[in-house]
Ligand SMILES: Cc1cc2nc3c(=O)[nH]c(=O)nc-3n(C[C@H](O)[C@H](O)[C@H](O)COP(=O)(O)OP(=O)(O)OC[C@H]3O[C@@H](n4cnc5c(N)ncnc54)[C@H](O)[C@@H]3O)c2cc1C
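Just the one chain here, the form predicted alone, laid out as structure tokens.
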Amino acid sequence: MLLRGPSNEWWFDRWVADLGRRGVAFHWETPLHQLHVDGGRISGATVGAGTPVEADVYVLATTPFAAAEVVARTPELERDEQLAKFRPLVQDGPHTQVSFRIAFDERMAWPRERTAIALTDSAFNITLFANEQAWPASVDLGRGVRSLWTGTACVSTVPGPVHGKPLRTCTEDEFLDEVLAQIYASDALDLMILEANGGRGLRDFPVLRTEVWPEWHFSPDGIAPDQPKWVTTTNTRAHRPAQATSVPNLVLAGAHTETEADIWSIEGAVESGRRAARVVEPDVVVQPQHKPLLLRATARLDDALYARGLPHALHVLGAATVAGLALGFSRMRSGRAT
């Protein structure tokens, strides 16, 4: 359902409306201030400017930064092994990961349906997804829009090739300049577009307009989002809490909790929600992630290599292959000379 159209229109708005019909009350744009503990259980919560909220079960699914603040206000909660993990979990601080979209006035074929592309050679590590490849034709992409790409710039510390500034210090116009320049500079992306569109490359499809997702705010002091973003890092991965806590009626959820998806992602968030629901309703099924033996082995090898400051497994394997080939050619030449 989520991939059939804009997430609010096709999922969240409908979900909220259904819950409202079932009697669920919502406190919109109201921060959770504190959880109250009584007898080892959560007895209530305070939101906004002192509004009390009571429930049978409490699911703490805020950003990890907000959760860390809530837990810090209640010393009793910090005694729980899982809740105590929030302090080291947020040690790296918020991550600058800016979302944008690009509209084209002509339909452009995508290399493969429902495929996301990561431009690993771009300074900002840009990821792209063509929405119309997953959405039905009835979804309105916008006035005059025939193809709509959404993307994310994931690295904020590397200078861009156009303005020589890292993402976190760019103005909005500079950011968009960099995004387009880095996309157009990707020969691999252009080749995929050429193959999918009968010889027409990326520059053959004029851009109708580009825009940054409105939750990002640019200023001389840097870029700030409406909600601080957290990502999995080598410093924080080990501190992800489980969904179940020692407090019987307090459950954790969010892609920052421990899941088999293993990284901060939509997939991790969905899995965490099912795991949180299973704490309350044991009959809830959580599908295990399929991890082939080869991937599990290379993951363990990567961890060992990283701990020693060495490149990841693919680089080591590539270097070993090149060295082996060089040694083989050397022996062949030596044999011929003999």
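Residue indices: 1-based, along the sequence shown. Values in this document were obtained by computation on a predicted structure and should not be read as measured data.
Another form, the form predicted in complex with the ligand, is not on view; read the next lines as being about it.
**Q** Determine whether any heavy atom of Lys229 comes within 4.5 Å of a heavy atom of the ligand in the predicted complex, and answer yes or no.
**A** Taking the distances in the predicted complex, the answer for Lys229 is yes, it comes within 4.5 Å of the ligand.
**Q** Using a 4.5 Å heavy atom cut-off, state whether Gln133 contacts the ligand in the predicted complex.
**A** Gln133 lies outside the contact set for the ligand.
**Q** Although the ligand is absent from this view, report whether Trp216 comes within 4.5 Å of it in the predicted complex, heavy atoms only.
**A** Trp216 belongs to the contact set for the ligand.
**Q** Is Thr152 near the ligand? Define near as a heavy atom within 4.5 Å, in the predicted complex.
**A** Yes.
**Q** When the ligand is placed as it is in the predicted complex, which of 241-249, 105-113, 80-88, 264-272 ends up with heavy atoms within 4.5 Å of it?
**A** This holds for exactly one stretch, 264-272.
**Q** Using a 4.5 Å cut on heavy atoms, which of Ala66, Ala45, Val37, Val279 is close to the ligand in the predicted complex?
**A** Only one option qualifies, and that one is Ala66.
**Q** Going by heavy atom distances of 4.5 angstroms or less, which of Ser147, Asn197, Gln97, Thr169 would be at the interface with the ligand in the predicted complex?
**A** If I apply the 4.5 Å criterion carefully, the residue I get is Gln97.
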